[in-house]
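A single chain, nothing else alongside it, follows as structure tokens in the form predicted alone.
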């Protein structure tokens, strides 16, 4: 991207379809559903904004300054376990950056809130996948050996964990507890009975600081949890859809190259519907689309 490039230039360079309004970009391109064919290219541009970004406020008016890309979603049928049928057609995405942080606002239709995991109960979630270096992206299959990707996933369950209102008591209000290890053993000894927590399994932790997990991967089955708590986020459900904001530092130390303007990036997304038993590879995904950061 040449010096002095405008938001319109960035959109054109990224291959977007849509009009550019005064002071703000119009639609970055509304895309139709696709079947076995690859989807048409869309583009998402992170608008430059001075000051703090609404990384955990999907309802902030600041998002109005960013272009919206409507991206088609498809059931994951590349590698088992497959998702048999799509439960949501599209994801609507906006992005902002301030030179230090990058943030996304992601919305999709979902008629229910699923934020408790249990027997045959699964959670709503959304993920953003980014290359670790600029240029041509890694394979859409969560990267490949020697071509890692950076993934950020917001989970409705992790957000509920922050309130302390999650667990067996919430799923089964009339549950009767037997004696627990914490009731009769010293804390250090009792902790040995909570194997997942003792091992540091991120899914087993009781206390959380963020509902967003950061991951690196080099293909299916290689997801590696990153313990750094640098990502923020929050989701809001309005009765018919989720709106999730999430953000993270543009300088991705230990993960990949910094996200900077004047470079060619890509971004991909995934959505899980808990009420339709989406989990793991049973998800909706969007292919890579061109992604650019607007120059200040």
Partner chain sequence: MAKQRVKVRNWQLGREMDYWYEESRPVRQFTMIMDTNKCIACQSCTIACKSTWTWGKGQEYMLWNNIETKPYGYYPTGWDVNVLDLLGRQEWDGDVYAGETLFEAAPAGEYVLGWAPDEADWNHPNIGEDEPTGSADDTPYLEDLPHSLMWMYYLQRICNHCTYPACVAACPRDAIYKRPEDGVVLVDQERCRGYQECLTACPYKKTMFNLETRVSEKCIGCYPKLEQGLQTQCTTACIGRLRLTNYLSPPEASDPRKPADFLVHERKIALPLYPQLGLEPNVYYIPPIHVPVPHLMQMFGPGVERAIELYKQAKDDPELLGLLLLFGSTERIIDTFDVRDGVARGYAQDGSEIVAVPLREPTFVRPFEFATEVSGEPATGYRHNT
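Numbering follows the first chain given and starts at 1. It should be emphasised that the depicted structure is a prediction, and the values quoted were computed from it without experimental measurement.
What follows is about the form predicted together with its partner chain, which we do not show.
Note on contacts: among 173, 196, 111, 186, the single residue with a heavy atom within 4.5 Å of its partner chain in the predicted bound form is 196. Contact annotation: residue 204 falls within 4.5 Å of its partner chain in the predicted bound form, judged by heavy atom distances. Within this chain, residue 213 lines the site of its partner chain in the predicted bound form, having a heavy atom no more than 4.5 Å away.
Though the partner is left out of this view, residue 169 does reach within 4.5 Å of its partner chain in the predicted bound form, counting heavy atoms only.
Put simply, residue 107 is far from its partner chain in the predicted bound form: not one heavy atom of it is within 4.5 Å. With the partner omitted here, the stretch from 186-194, 67-75, 97-105, 131-139 that lies within 4.5 Å of its partner chain by heavy atoms in the predicted bound form is 186-194. Taking its partner chain as it sits in the predicted bound form, the stretch 130-165 comes within 4.5 angstroms of it through a non-hydrogen atom at 145, 153, 155, 157, 158, 161.
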